[in-house]
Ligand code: TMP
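To begin, one chain is listed below as structure tokens, in the form predicted on its own.
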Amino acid sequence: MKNKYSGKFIALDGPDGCGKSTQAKLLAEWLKGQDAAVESFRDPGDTAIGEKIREVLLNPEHIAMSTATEVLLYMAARAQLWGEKIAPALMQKKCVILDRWLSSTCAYQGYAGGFGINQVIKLAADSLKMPWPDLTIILDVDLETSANRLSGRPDRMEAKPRQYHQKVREGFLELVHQQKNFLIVDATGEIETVHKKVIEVVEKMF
């Protein structure tokens, strides 16, 4: 019998420090426990080209990078990841879990950076066969919680000023109201508590 998660495309997104990577990993493990075939990827990255682009985007030395350049580089890495990894996995009816996706560029560059959410979406529509996942889960945290969770030397995006990151959070919340198949999860609690909320959202959606 076909698994109800077969061929589904799910993205977990949110501000830096929201716990996306951890929750994406836990969700993938849970889905495998439901007998679903799962592939997990991070955006940008997980292709040779995408990882090179990621290095350029997050390198703190590249302080001169414009918002428009950020948008185009993120979209280029995303297009490569789609064609090389995501599309083939979906064709094989695997459930694909993404750590960040288009919603990130909308919130960071589109909203906080002033490029424009609609401009980002238009570019994505021209670049990606499937811009939006079947479900996007936004893990919401306040700035204090986010800052406390980050450790080590900040990358170029993490090092942007506090007011930028406040706008990023606002951008994600705006997307929840604007787009279909977006659901928000309060990610300020313990890892297992948030995981349970994510599972509830996934089960409800599918």
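So that there is no doubt, residue numbering starts at 1 and follows the sequence shown. Quick caveat, the model's predicted, so the values are computed rather than measured.
Unshown form predicted together with thymidine-5'-phosphate (TMP); subsequent notes refer to it.
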| query | finding |
| --- | --- |
| thymidine-5'-phosphate (TMP) contact in the predicted bound form: Glu39, any heavy atom under 4.5 Å | no |
| In the predicted bound form, Leu58 touching thymidine-5'-phosphate (TMP) (heavy atom, 4.5 Å) | yes |
| Proximity of Ile49 to thymidine-5'-phosphate (TMP) in the predicted bound form, heavy atoms at 4.5 Å | no |
| Any non-hydrogen atom of His195 within 4.5 angstroms of thymidine-5'-phosphate (TMP) in the predicted bound form | no |
| Contact test, all of Gln23, Asp142 and Ser146, partner thymidine-5'-phosphate (TMP) in the predicted bound form, heavy atom 4.5 Å | no |
| One residue of Val176, Met65, Ala28, Met157 in contact with thymidine-5'-phosphate (TMP), assessed in the predicted bound form (non-hydrogen atom, 4.5 angstroms) | Met157 |
| Which of 28-36, 134-142, 176-184, 41-49 sits within 4.5 Å of thymidine-5'-phosphate (TMP) in the predicted bound form, heavy atom basis | 41-49 |
| thymidine-5'-phosphate (TMP) in the predicted bound form - contacting residues of 59-93, heavy atom within 4.5 Å | Tyr74, Arg78 |
